Structure formats: structure tokens, C-alpha cells
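In the C-alpha cells that follow, the same protein chain appears in two forms, which are kept apart as structure 1 and structure 2.
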Structure 1
């Protein structure tokens, strides 16, 4: 009798152990999903609800329907921030990607020694903080005592009010971006270039191709997927630019509105004016813009690839 009981207990234990073995993997991966539901999924749903409400965070939420979205479409400050963001992105990203590609190509050339030295020094800015870099650039381009104006004055030019001029302030923000990411993109291009088989180049040299021909006819087509990756990442990053603008022109994003980016505008609406509902609407507007750009990107690139083939 006792033995049977023992046996039952053992099998119960075995069963429990088997069951435990089965659920172990789910336990191991559960932290991600729990955290995602609580701090990712729920906030997004909440954000969608907020966008249709008026709320200052203290009283009750007031459902206003499409009112926030109608306001967004007519909000000249919002469109100014969209315009600013796009200009910063264009003057920052396009030249940066081009320069990164050219530098990667040059470092990859056979005649260049100390490749590691070039790669490491140019990658260095990437690890520094945006805040620190922006403060430094704010000083370099400072209207009263900056290095840039000092040099301009020394060379006999007029001072430029970099921080308060709506155009120049965008250039300063873009230059922070260029400086930080040129080496990062260069490293990505460089690795892509190194994977191109050497025979391709040798064959081209034997055929008498010039450096420019090699670059445009061999290099570019082969690393096209990497170029696309870099363009996509820079677009998504560039559209969400915030810290540079906020640190450079902290008290108000004016400079006649020159440094007001979309995320900065969202930040102001939500956290300075405590208008959470409309702030959420602005963030959805920004997401719509990101999606539009992604589709445009995708459309342009697939079309171009089709056209070539």
C-alpha cells in the first residue's frame, strides 16, 4: 500500500517536472512580452485614444472627436516644424551620406595605409553624447564669442547671428548631425566595400577603367542595398530630431521658429503647455509623415531598380 502511494507521488513529481520543463521557455521569454504589453502596446492604444481627447493631465478627459486632427491640419506652427525638420534633414543627410561614401571608398583603396587609424578617428564622434556635442557647437557658432564668428571677423567678414537666424540655426543643427554620423555611415559603407570581390576591380583596371568609372559602374551598383539601408535609417533618425534643437535653443524654440522641429513641438505642447491630447495628435501626425517617407523611399527605389534591369 505504501509503495503504491510512493509510486503515485513520484509520478506526480515527474509530471510536474515535465510540465515545468514545457513552460520554462515561455518563462524565459516572458519579460519582453510583459514589458511590451505594459510599456509599449498599452501606451500606443492610450496614445490613440488621447489623440481624440482634450486633457491637461489633471481633470477629466474630454472627448472632442476629430477636433485635434482638424486643428493639426490648420496649425501653422506644426507645419513650420515639419518644414524645419525637412530642411534640417535635407541639408544634413544628403551631403553626409555622399561624403561618407566617398571617404569609405578612398580608405578602401589599395594605396592607403593605416586604414584603421582613419576608421577609428572618424568613428569617434558617434559615441559622444548629442548634448555635449550640441553645447560645443553652440559655443563654436555662438553669436557673441564663437570661433566661427571670430574667424569671420578676422577674415574681414561680418558676424553672422547663427543661433538666432532661422536659416543658420538649421545649418548648425544639421552640422551636429553630420559630424556625429559621418563616421558611423562611413564604417557601414566601408564594410560593404570590403565584401566586393577584388577580381571585379582587377578586371576593370585591366580593361583601363578610370577611378571614377570604377566607382560609378562597379562600387555603387553592388553596395546599393547598403546605401538604401543608410538612407532609410538616416531618414527615420532625422525626422525625429529633438535634442540638438532643444539644447541649442532651450528656453523657446523660436529663433523666429527656425529651430522648432516636430518632436520639439510635440514636447512643448505636451510637457510645457500640458496639452496631452493635442500632443498625442502631433505625434501621430509625425508617424504619418514617417510612413509616407518610407513608402516614397520604397517606391522610388523599387522603381529605379526595375528601370535598370
Structure 2
């Protein structure tokens, strides 16, 4: 009888050990999924619910159906903020990607020395606080005592109200974006260039190809997937631009003034006017814009470059 009890106890321990071995991997990866559910999945679901309700953040929610979406379609301030965002994205992202690609190509050339120094120097703005960078640009382009206006006066030009002018404030915000992310994208391109076999370049040089021909006929086609990745990520990040605009123009930002981007408008609606329902609707409008531009980017970067119809 005692032997049977001992055997049952040993069997239970083995079963417990096997069960523990099975769940151990899930325990180790569970923090990621818990954080994803709390800070990723739950906000998405909650914002989807909010978009169909009116809520000031304190009282009960009031279901309003499609009213918020109808308001969004007719909201001229929202569409003007979309226009501001797109202009900032065009004058900031497109030149930045092109410049990052050219710089990566130049650093990758054999005649260039101290490559690690250039890569580190270019990458440093990316790890710098965007708030600190924006404050620095705000001081440089200050309307009263900025370095840019001082230089203009020294050259005999009139002062420019960079922060309050609808056009120039977009250019300043785009400049911050370029300065901060050009090194990051350059590193991605440089990594892709390193994977291109040296034989291709050597054969092209023997055939008498110029640097431009090597760049356009060999480099670009091979790193096309990397270009697509950079364009997609830069587009998604560029359309969500917020901190630069909010730090440069912390108060009285208007869509007509050029500094109100889509995310900044959503922030003002939700957290300054306490209209969380409509703020959530604006966020879903932003999601639709990002999806639309991602599909457009994918089409232009893959189909058109390949010459496919």
C-alpha cells in the first residue's frame, strides 16, 4: 500500500514538472502580451467605441452613432490641418529620404575615409530628444532674436516672422524633422548598400560606368525593398508629426497659422476641449489617411518603378 502511495506521489510530481515546463515559455513572453493588451490593443478598441460616443472624460458616455464622422467630413479645421500635415510631409520627408540615400552612397564609396565618424555624427540627432531639438530650432528661427533673422539682417534682407507665418512655420517644422531623421534613414540605406556584392561595382567600373550610372542602374534597383521600407515608415511617422509643432507653437496654434497638424488638432480636441469622442473620430480619420498613403507609396515604389502596370 505504501509503495502505491509513493508511486502516485512520484507520478504527480512528474506531471507537475511537465506542466510547469510547458507553461514556462509562456510566462517569460507574457509581459510583452500584457503590455500590448494594456497599452496597444485596449486603446484601439476603446477609441473605436469612443468614436461613436460623446464623452467629456468624467460623466457617462452618450451614444451618437455616426454623428462624429459626419462632423469630421464637414470640419474645415480638420481638413486644413490635414493640408498642413501633408505640406510639412512633402517638404520634409521627400528631400530627407533622397539626401539620406545620397549621403549613404557617398559614405559607402571606397575613397571615403573615417566612415564610422560620419555614421556616428549623422546618427546622433536621432537619439537626441525631439523636444530639445525643437527648442533649439525655435531659438534659431526666433522672430525677435533668432540666429536666422540676424543672418538675414547681416546680408541686408528683411526679418521674417518664421514661427507666426503660415508658410515659414511649416518649413521650420519640416527642418526639425529632416535634421533629426536623416541620419537614421542614412544608416538603414548604408546597411543595405553594404549587402550589395562588390563584384557588381567592380564590373561596372571596368565597363566604364560613371558614379551616377552605378547609383541609378545598380544601387537603386538592388536596395528597392529598403527604399520601400524607409518611404513607408517615414510617411507613417511624417503624417503623425506632433511634438515639433506643439513645442514651437504651444499656445494659440491654428490651422490657418500653418502649425496645426492632424495629431495636434486631435490633441486640442480631446485634451484641451475635453471632447474625447470627437478626438477619437479624428484619430480614426488619421488612420484612414495613413492607410491610403501607405497603399499609394507601396504602389508607386514597387509597381511604377518596376515599370509594371
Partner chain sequence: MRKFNVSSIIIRGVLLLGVAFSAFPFYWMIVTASRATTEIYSVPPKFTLGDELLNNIYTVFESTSFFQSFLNTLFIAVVSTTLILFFDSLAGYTFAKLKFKGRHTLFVILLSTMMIPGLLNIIPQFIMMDTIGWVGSYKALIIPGMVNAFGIFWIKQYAEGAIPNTLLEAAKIDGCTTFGIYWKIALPILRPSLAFLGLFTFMQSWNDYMWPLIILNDPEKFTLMLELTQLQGLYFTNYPLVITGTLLATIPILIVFFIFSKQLMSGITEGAIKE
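Residue numbers count along the first chain shown, from 1. In this text, all values refer to a predicted model and were calculated from it rather than measured experimentally. The term rigid core refers to the maximal set of C-alpha atoms that superpose within 1.5 Å between the two forms.
Note that the form predicted together with its partner chain is the one shown as structure 1, not structure 2. Core-superposed comparison between structure 1 and structure 2: the CA of residue 30 exceeds or equals a 2 Å shift. In a rigid-core overlay of the protein, residue 271 has its C-alpha displaced by under 2 Å between structure 1 and structure 2. A displacement of less than 2 angstroms separates the C-alpha positions of residue 287 between structure 1 and structure 2, with the rigid core held in common. Taking the rigid core as reference, the CA displacement of residue 20 between structure 1 and structure 2 comes to 2.8 Å.
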